[in-house]
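Presented as structure tokens, the chain that follows is alone, the form predicted alone.
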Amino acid sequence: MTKRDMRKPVVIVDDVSVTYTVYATGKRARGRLGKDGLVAKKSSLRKIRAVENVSFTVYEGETIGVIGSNGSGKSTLMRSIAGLLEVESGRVFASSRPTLLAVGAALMPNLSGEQNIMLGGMALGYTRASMTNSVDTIAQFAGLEEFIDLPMRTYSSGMAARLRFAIAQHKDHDILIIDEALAVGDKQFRNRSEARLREMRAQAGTVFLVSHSIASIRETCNRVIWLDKGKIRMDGDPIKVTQAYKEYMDSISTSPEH
């Protein structure tokens, strides 16, 4: 029995497929021009397979990097694990409800950063008194001390994303999914965030980190899953998987077709 087999499985993805149905325009229809001088187009519903027959098991204390080019199915898979997107086939099992932290996570634009911290913390289960005492710590983590009393609508997208992560990391999650939320901010913020993820992993929390930053993946994760066109292309050691991914992407960018 391996060391991994002795640990508790916390997420099981069993032969999962996810398909989107989208409205798509088809080929140009032959015939006469319309009144506006444009050729009419046929339209139809089209099914897109975003994730196809994906299976893997994640154990407590693992930090899983999820990599792949745009459109490879990363965010779709993470939303399925979080229970926010229904799978077409297969099953997802989790030992507790995963928390998804994405760049697009909602904050209240007309409320201040401090008020959003209060609301976000109470949504995570903290008391008002506890969050009142935590505002300064969270604002400092996000690097927003000077702006915390301003309305969220005045924040840049990067400032808002830093605040989202700072609120989420304040709680120890059993399963936390981070979708590109560390792609914003300066080096100091990324260092604080990566250190916090390592701390969560040491406490037997499980983290999924979706990122295009190979450096962050290597620094933070102890396992990497590479998705390509909705399928797992490679799953294993961070250095080996990210190196293979980098070589593949380099070969694509230098091919004559590109």
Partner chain sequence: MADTIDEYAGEHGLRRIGTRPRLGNYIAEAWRRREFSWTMALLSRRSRHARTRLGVWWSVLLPLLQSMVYGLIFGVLLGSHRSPDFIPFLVTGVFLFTFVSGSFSAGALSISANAGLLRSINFPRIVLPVSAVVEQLLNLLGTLPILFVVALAFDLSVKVEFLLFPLVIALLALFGLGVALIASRLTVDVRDLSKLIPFVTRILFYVSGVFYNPERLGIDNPIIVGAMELNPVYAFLSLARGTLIAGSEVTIFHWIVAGSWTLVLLVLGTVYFWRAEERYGND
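Residue numbers count along the first chain shown, from 1. Everything numeric here is computed off the predicted structure, so don't read it as measured data.
The following text describes the form predicted in complex with the partner chain, which does not appear among the structures shown.
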item	value
Proximity of Arg128 to the partner chain in the predicted complex, heavy atoms at 4.5 Å	yes
In the predicted complex, Gly236 touching the partner chain (heavy atom, 4.5 Å)	no
The partner chain contact in the predicted complex: Ser157, any heavy atom under 4.5 Å	no
Asn110: touches the partner chain in the predicted complex, heavy atom cutoff 4.5 angstroms	yes
Full three-residue contact with the partner chain in the predicted complex, heavy atom 4.5 Å, for Val92, Pro98 and Ala123	yes
Any residue of 134-171 that, in the predicted complex, places a heavy atom within 4.5 Å of the partner chain	Arg153, Arg164
